[in-house]
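Heads up, the chain below is alone and in the form predicted on its own; it's given as structure tokens.
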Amino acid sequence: MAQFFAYITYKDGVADDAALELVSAAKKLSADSVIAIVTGSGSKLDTVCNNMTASYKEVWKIDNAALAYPNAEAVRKALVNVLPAGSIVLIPHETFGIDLGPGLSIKMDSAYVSDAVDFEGMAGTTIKIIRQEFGGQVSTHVTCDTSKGAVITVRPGVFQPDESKSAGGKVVDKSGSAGDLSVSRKYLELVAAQVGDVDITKSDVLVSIGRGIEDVENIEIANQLAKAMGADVSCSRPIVDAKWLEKSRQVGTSGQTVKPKVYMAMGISGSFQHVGGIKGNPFIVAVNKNPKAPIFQVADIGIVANILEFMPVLTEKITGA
């Protein structure tokens, strides 16, 4: 029976939301147990490992100075030396995971499937995986042979976090098995994302606009709705590319990661790059003219409508004007 592992990503000693989502993903595959594997160095690594024992029966720690900063090249070396042959590794499909996963599968001589959004189950050494193509318009059913193991990146937010925290696990130090972690990449510096006039990472309510806004002059409609709701305006990447709003207001894997209580997705298609920047399980309201827009798959409430008609009406209802 193959062993399942979940690679845990974290920042400042706090595990990303995907850490608990991977527990649910593994359960969907009827995994008897899944082992968390955490890499890094120092006290923050210890904090994450100790916290993960509530959700994982076993947490493998790899502590090495070469892992003090995220470096997929070094992590690959460590994992190849530590993981048993035939392992099935689940990794969050985010910037670091996209860098880590493909090369890891090559080093392990195992199968690789990226951006899984669901699992149809596992029979023997075969896993049936669902992916999305063409911006989420089409679902692809993939059969993965795991006889030699597999590396699977899982899209954040598609599995509900396992909040049970009843594992009562233990930390196992695998640092001594990591081997030589010398790499060609060199860490230079951490460049903090620019914060503009509004820090959307701290907003409780966001009115987020996408291509459906159609014209820069229509952004004022979103501003009026945001003012009525006590919200801030954010956006998807096309709005920044058009230079209609500043980069600091972009939500997504190439923008800001936000954790609002309410997220109003106005005219946003909902690519995984955008949804990947929404954390904390907010209440998502999506309005889009396209009834097949991927954003509806993650929305709590979906409304098929033209946002240029919908937003003024909602603003009027809120203000009573």
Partner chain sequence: MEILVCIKRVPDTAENEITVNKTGSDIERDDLVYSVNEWDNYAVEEAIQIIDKAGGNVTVVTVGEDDSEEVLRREMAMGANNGLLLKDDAFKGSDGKGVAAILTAAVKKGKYDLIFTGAQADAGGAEVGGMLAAMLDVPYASLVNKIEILNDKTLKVGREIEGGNQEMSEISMPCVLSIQTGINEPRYVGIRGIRKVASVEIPVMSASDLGVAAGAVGDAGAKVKRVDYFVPALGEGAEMLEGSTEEIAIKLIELLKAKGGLK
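Because the structure is predicted, anything quoted here is derived from the model rather than measured. Basically, rigid core = biggest C-alpha set you can superpose within 1.5 Å across the two forms. Numbering follows the first chain given and starts at 1.
Here the subject shifts to the form predicted together with its partner chain, a form of this protein not shown in this document.
- The closest non-hydrogen atom of Val285 lies within 4.5 Å of its partner chain in the model of the complex.
- In the model of the complex, Asp300 approaches its partner chain with a heavy atom inside 4.5 Å.
- Among residues of the shown chain, Asp162 is not one whose heavy atoms approach its partner chain to within 4.5 Å in the model of the complex.
- At least one heavy atom of Ser114 is located within 4.5 Å of its partner chain in the model of the complex.
- Here the chain stands alone, but in the model of the complex its contact with its partner chain, taken as any heavy atom within 4.5 Å, falls in 141 to 149 among 216 to 224, 80 to 88, 141 to 149, 163 to 171.
- Here is the short version: of Val275, Met52, Met264, Val38, the single residue with a heavy atom within 4.5 Å of its partner chain in the model of the complex is Met264.
- With the core held fixed, the Cα of Lys148 is displaced between the shown form and the other one by less than 2 Å.
- When two forms of a protein are overlaid on their rigid core, residues whose CA moves 2 Å or more are considered shifted, and Thr95 is not one of them between the shown form and the other one.
- Comparing the forms between the shown form and the other one, the C-alpha position of Asn51 differs by less than 2 angstroms, with the core used for superposition.
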